[in-house]
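Single chain ahead, written as structure tokens, the form predicted on its own.
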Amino acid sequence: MQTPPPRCGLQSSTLLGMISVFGHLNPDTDAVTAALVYAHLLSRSGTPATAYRLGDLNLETAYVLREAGLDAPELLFSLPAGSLVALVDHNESAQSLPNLAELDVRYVVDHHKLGDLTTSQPASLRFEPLGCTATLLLKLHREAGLSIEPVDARLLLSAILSDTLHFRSPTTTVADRDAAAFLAPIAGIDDVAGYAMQMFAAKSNLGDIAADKLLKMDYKVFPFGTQTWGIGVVETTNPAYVFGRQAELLSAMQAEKAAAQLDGVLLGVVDILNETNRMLVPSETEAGVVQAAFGVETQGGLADLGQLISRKKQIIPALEAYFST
């Protein structure tokens, strides 16, 4: 079993030149596992690195780490200016540490569009249009001539299954499918479909999670021209539970909009099994944008977006196109 990267105090890590590796705020499975695997890859390649997370684990990620026999990476709130960092699964400042502009970004590994990232000196940047950062990390292992250890294989496979919704998402590529097929036997997972359903069941077991935390479980802030919006997603095999709490969630969305001084907040509820998305819309402001961007009317605080289930590939591009006109 792979031993997690050592946990070091932030000050001592900085003094030793340790690279701090982390994914985005409100981390999902890809963000957390990518930080763990990339920190391990850098360390194996002679660059000491430690993985961190920028938020609480969601239920699916907690399940993945538990099954892998790993503790969660240490929670990171800030780093001293000039600290050496590597970003995985994100590159936009609104989704990262608040003082990202003061940090020394040495590496970025991501599968999203390039945002507002700037660096103080040349950095190693690796972007590819894939369904998951994990698929790119497998490529980096191969390019470095390093084998994939079993625990890393399990983490990478889990991230691919999560980000592609077991290949249901339109973001899925042939490379993602091939990576999963390669990783599964190394990870010791014979029934990939069954494992994916166990992950999704863990993700859907929402219990008594407070509405404000449910909103933030997979939530990102995006700049659209002069406006800033929060876009959340709940991916579940039990959407009825989420809609049973619709009033709470709409209230939490309004509260977050006011507290964070956002122009709008939306929450997509993705039915994993039926591959549909019904979006919670808290006010007339958001309803007007949804109507213009997607051609869908909001009724009773809900807008049916049909099979537009990918925030990255379908929701954000449509909103960007609307706000750019």
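Counting begins at 1, following the sequence as shown. Predicted model only: the values in this text are computed from it and were never measured.
Missing here is the form predicted together with a further copy of the same chain; even so, the following discussion is about that form.
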Only one of 118-126, 195-203, 243-251, 217-225 sits within 4.5 Å of a further copy of the same chain in the predicted bound form by heavy atom distance, namely 118-126
Interface check vs a further copy of the same chain in the predicted bound form: of L114, A210, V174, A181, the one with a heavy atom inside 4.5 Å is L114
Task: Partner contact for E143 in the predicted bound form: a further copy of the same chain, 4.5 angstroms, heavy atom - done: yes
Taking a further copy of the same chain in the predicted bound form and a 4.5 Å non-hydrogen atom cutoff, the residues of 300-318 making contact are K312
